[in-house]
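Two forms, one protein chain; structure tokens for each follow separately as structure 1 and structure 2.
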Structure 1
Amino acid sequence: MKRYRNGEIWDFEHEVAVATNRQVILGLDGGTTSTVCICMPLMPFSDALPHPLPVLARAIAGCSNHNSVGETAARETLEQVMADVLSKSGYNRSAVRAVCLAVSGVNHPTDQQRILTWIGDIFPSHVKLYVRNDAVAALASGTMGKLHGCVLIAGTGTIAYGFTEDGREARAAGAGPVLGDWGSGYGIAAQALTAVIRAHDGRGAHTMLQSTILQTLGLSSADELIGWTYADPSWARIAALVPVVVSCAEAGDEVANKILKEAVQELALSVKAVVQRLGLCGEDGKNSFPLVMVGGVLEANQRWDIGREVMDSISKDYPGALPIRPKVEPAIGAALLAWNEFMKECVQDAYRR
């Protein structure tokens, strides 16, 4: 185990006794907006998980998507949040048995290997390391660690990700705003900003989005909106305008309603693409499967409920879709994934002996 470039963040370990008989697992959910890490004790294998789940500590940090903040910042955020959660729980790295890092921006095996290389320098060699896209942790948070079904995330970004019981997987969307994460918070808000500019210069229809967004941002004219947008075009900053779009749609604005209706269709289409590719619905299209729904865009918004509209659209084609709103956060889903994988490897090792 090396002392990483930010070795000082592990200085707390000098004051923590080495645990000889107490073992823990870490689950990390790294999104575009924030990164959450939780520490749980290594539970004995059982068909039924304890309720409530024993969480020893929780830590939070900023964005860890390397596509958004760069490799150096992403790596430092991941290390810092894991050090923080171990410090809070009173353990050091020698007590860790497994870590699952579910991070947005993990889209290819090379992304996985990059993060495994970073983390491999931090933990002792006995620690089992698993790297997944953050959508996988979100799915596990709804299925309590079982990788089966489909998850739809619609927050700052969006992605649909699914697994069959035999381990096949597929995804749709999740390529970031440049490549069209339509239906995401960023996508909805960016379309609203575009509608304001179009209305201002005469290319688009009049919309109350113009006055409402300008008032929300404290701007006096649409011309100032250009400077506001490019001063800091971060995804989360733009996506924060979604509630304004929803309120305008609820007030009857045609442009805002059109934006939300198109978002609903895009989100539903992502799920349908994954379900069809994996055959989750069975040959007759009616088999049941869990559909985990996560993210601020899908939460109830008074009369204009985007999540309900998305579910209604999906149910028309796949009546067996069983919507699940997770009762635990994705970081716990990541910890349950680490626990499941670690236990499977322990069983396989026992059989080999």
Structure 2
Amino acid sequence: MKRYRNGEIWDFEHEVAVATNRQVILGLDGGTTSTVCICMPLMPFSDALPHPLPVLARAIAGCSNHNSVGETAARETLEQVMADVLSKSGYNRSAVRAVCLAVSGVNHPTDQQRILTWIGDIFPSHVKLYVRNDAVAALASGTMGKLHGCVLIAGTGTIAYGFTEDGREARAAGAGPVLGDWGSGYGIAAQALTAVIRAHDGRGAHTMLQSTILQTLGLSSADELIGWTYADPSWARIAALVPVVVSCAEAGDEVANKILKEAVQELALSVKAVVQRLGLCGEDGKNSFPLVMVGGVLEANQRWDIGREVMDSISKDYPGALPIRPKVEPAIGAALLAWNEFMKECVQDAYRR
């Protein structure tokens, strides 16, 4: 177990009564804007999950994507938020049986291994540790912990991530704005800003986005958009303009409509690529599979409903796609995933004995 770094983060453990023999699991959702950690009791294995789900505590912290904040800050954020949730729950690390960290920026086995090493230093060696991309927690939040089907996330960023029942996985997009996540909130808004510049300098058609976006941002000329755009590199700040694009499209603006239609095609394409590669639709293309849909871009807008359009496009190719809008947050999905995996390993261990 880790030597306490200045003793600070885990100091609370000295004051926690180790009396109870209750066991807990942790689920963590590390997104690009915040990190949420949930502590749940280890539930007995049964077919039906209790309702409502027993959540002992919830803690929140900043970004834990190492690509955004660097490794040291990411590691400290992860450790801090896990310590916080245990402290709030009144348990210490010896009560923990399994931890699932679903963190954005986990794109490669080396990312996974690095985080496993970090948290392996924090917990006793018998604790089961699972590290995943944050999209996996979103999938699990729709399937209540089961890794099967596909999730489409479209918020500031976008990713599609899928699993077959026998454990194969595939993803599409999720590579950030430089690398073609064009259907994301950032992608939609950046296209709209671009359309304003192009209309202004004569390269593009006139669009209602010009006056609407400038008014929304309190700018008096399209030239000022350049300074505005680069003054703050946060992707979320740009993505926040999506509702403006939707309202212009609803008002009949052709440029805004084209941007949204292209985004719909991009988002549907990500899902189709994953479904195709995993064969989730079966050989005849008609098998049913869960399709979990998450994120602000997919939530019911007014008349122009991006989520519905994406679903329509996917259903044409894969009529078996069963849309699910999760009722719990991704951190709970991560905790359920940890619980599921832990149970599976226990069963396997029992057979081996």
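For the two forms, the rigid core is made up of the largest set of C-alpha atoms that agree within 1.5 Å on superposition. FYI, numbering is relative to structure 1, first residue = 1. Please read these numbers as outputs of a predicted model, since none were measured by experiment.
Remark: structure 1 matches the stated condition (the form predicted on its own). After superposing the rigid core, the Cα of residue 160 is displaced by less than 2 Å between structure 1 and structure 2. Superposition of the core reveals a Cα shift of less than 2 Å for residue 107 between structure 1 and structure 2.
Once you line up the core between structure 1 and structure 2, the Cα of residue 77 stays within less than 2 Å of where it was.
After superposition on the rigid core, the Cα atom of residue 222 is displaced by 2.8 Å between structure 1 and structure 2.
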